[in-house]
Structures are given as C-alpha cells and as structure tokens.
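Given as structure tokens, the chain that follows is alone and in the form predicted alone.
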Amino acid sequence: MYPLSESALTMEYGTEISIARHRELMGLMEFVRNHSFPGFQDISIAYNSITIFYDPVIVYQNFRQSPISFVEQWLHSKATTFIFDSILPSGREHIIPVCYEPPFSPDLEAVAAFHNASPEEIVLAHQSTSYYVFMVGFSPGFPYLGLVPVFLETPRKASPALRVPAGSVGIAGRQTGIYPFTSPGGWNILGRTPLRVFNINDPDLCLLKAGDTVIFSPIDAKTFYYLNQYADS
C-alpha cells in the first residue's frame, strides 16, 4: 500500500494482468463500498490495484489519528479477512458493432503485415474473443479490455496519431479498447464502432464498466452510418 495523495490510498495486488485476480479486487471493492468508514468518498479499480479516496478532515474528527494511517490499517484488516466469493458482483454482457472496413481501420494492414497474416485473419481473431473490462480511464469512458489472443499481441505505434476519431477500436499489447472522443492516440486502430461509450447526459455516463464483458460484432460501412451516434465521424 502507498499514499497516492493526502486523501487517497492505493493497494496493489499482484503484477500480472489476470481476470481471476481482478475479480477478487472487484469483490473487495464492492465489500468496501458496503462497509465503508466515516470520511470514505469513493473507490476505483485498475489492472492490479484499488484506490480509496477519503476526506482526511472527517477521518481525523472521527478517529483522532493520522488519516492515512487509519485508512491503511482499516483496508489491511478488511483485505486480510475478506472472503470474496459470496459477494462477487456480476458484470453486464455487451455486443459492440464494429466496422473493420476502410477508412475506419487505418492500421489494419500494418498489423497484418507485423504478424505475417491477412487483414481478414486479424479481424477474425479480434472478433472471436469475449473481452473482460478491467478498468475505465485515460479519457472519460475509455475501456481497457483484455486479453486479446496471443496471436494479436502488438506493440503501440512508434509515433502516436495526432487524431484518432471517436469510436475507434484499437489494440496495444494484450489490450483492446475504444476511444470515446476524438483525441491523439498510440494504439493500432482496427475498426470503429458507431456506439457512444460515454454520454454526459446518461445517468450511467459510461456504457462499459469494470467487470463487464464485450464481444465485437462486425458490420459493414452502410450499417455503421445508419447506427452512427458520433457527430464528427
């Protein structure tokens, strides 16, 4: 454990990207939410860690000790006695349409060449797997999904693109993800979805959440334009 700031504490759990260990963290995160302490504000999850956010003034007023020491001791006691199986939350399942045709797949040929494969083989491999949502970050609503098949493991681009359109679906390492907004980016873009994954006017904000699963379903360009929810695509 280590302090992220005067009002946040991070607990790391392992180093590898593992769905099984991540689900244990998901269970602990839910347990903390349901058994929190005075001053608790929020909790977030990443690949191998959770971070608790708290109000140090309220914590001190209630427990009369260093807020960071209290939260560290409190989290240690919960993590070492917690039994995750009984309250493990179940995620939602999503089918995300993706158009892998030009001009929505600017890096498909390069990825195929990197793996000595055809573009069709790359697309088939990408859509043949059910992906687990590990976390949401980088930009609001950006889902980090995994694990892509070993066959598709691809390094980030040597030079990031200055403009990646919203909805673009990319891969980097054993990860795949969706750009919620038009932005710079270094992932290899294989296609684009017409679905918005972040909506400031939606009570849920993010379409995908940690613990959900995703299957990519191929569509043609005509269907993409019919379903398109992005104004700038």
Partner chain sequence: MQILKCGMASIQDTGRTGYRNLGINNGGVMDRTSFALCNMLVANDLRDALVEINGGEWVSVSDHAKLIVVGGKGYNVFAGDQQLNLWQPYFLEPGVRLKILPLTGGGIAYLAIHGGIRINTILGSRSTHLTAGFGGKEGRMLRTGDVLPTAILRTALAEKIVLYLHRPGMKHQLRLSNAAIPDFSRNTIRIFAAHEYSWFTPAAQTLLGTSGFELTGMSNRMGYRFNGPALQLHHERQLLSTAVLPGTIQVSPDGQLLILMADAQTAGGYPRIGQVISTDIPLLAQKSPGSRLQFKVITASEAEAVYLKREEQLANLKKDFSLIFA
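Residue numbers count along the first chain shown, from 1. Bear in mind that the values here come from a model prediction, so they are computed numbers and not experimental data.
Although not depicted, the form predicted in complex with its partner chain is the subject of the following passage.
**Request:** Look up in the predicted bound form whether L195 has a non-hydrogen atom within 4.5 angstroms of its partner chain, and give yes or no.
**Result:** Although its partner chain is absent here, L195 would stay clear of it in the predicted bound form, with no heavy atoms inside 4.5 Å.
**Asked** Taking heavy atoms and a 4.5 Å cut-off, does F181 contact its partner chain in the predicted bound form?
**Response** Looking in the predicted bound form, residue contacts with its partner chain include F181, since a heavy atom lies within 4.5 Å.
**Prompt:** Applying a 4.5 Å heavy atom distance criterion, does G91 contact its partner chain in the predicted bound form?
**Reply:** Judged by the heavy-atom cut-off of 4.5 Å, G91 is well away from its partner chain in the predicted bound form.
**Asked** Though only this chain appears here, would R21 touch its partner chain in the predicted bound form if you measure heavy atom gaps against 4.5 Å?
**Response** No - in the predicted bound form, heavy atoms of R21 and its partner chain never come within 4.5 Å of each other.
**Option from 74-82, 124-132, 97-105, 138-146 whose residues, in the predicted bound form, bring a heavy atom within 4.5 Å of its partner chain** = Only one stretch qualifies here: 138-146.
**Request:** Taking its partner chain as it sits in the predicted bound form, which residues of 10-31 have a non-hydrogen atom within 4.5 Å of it? Please list them.
**Result:** Sequence-ordered list: T10, E12, T15, E16, I17, M29.
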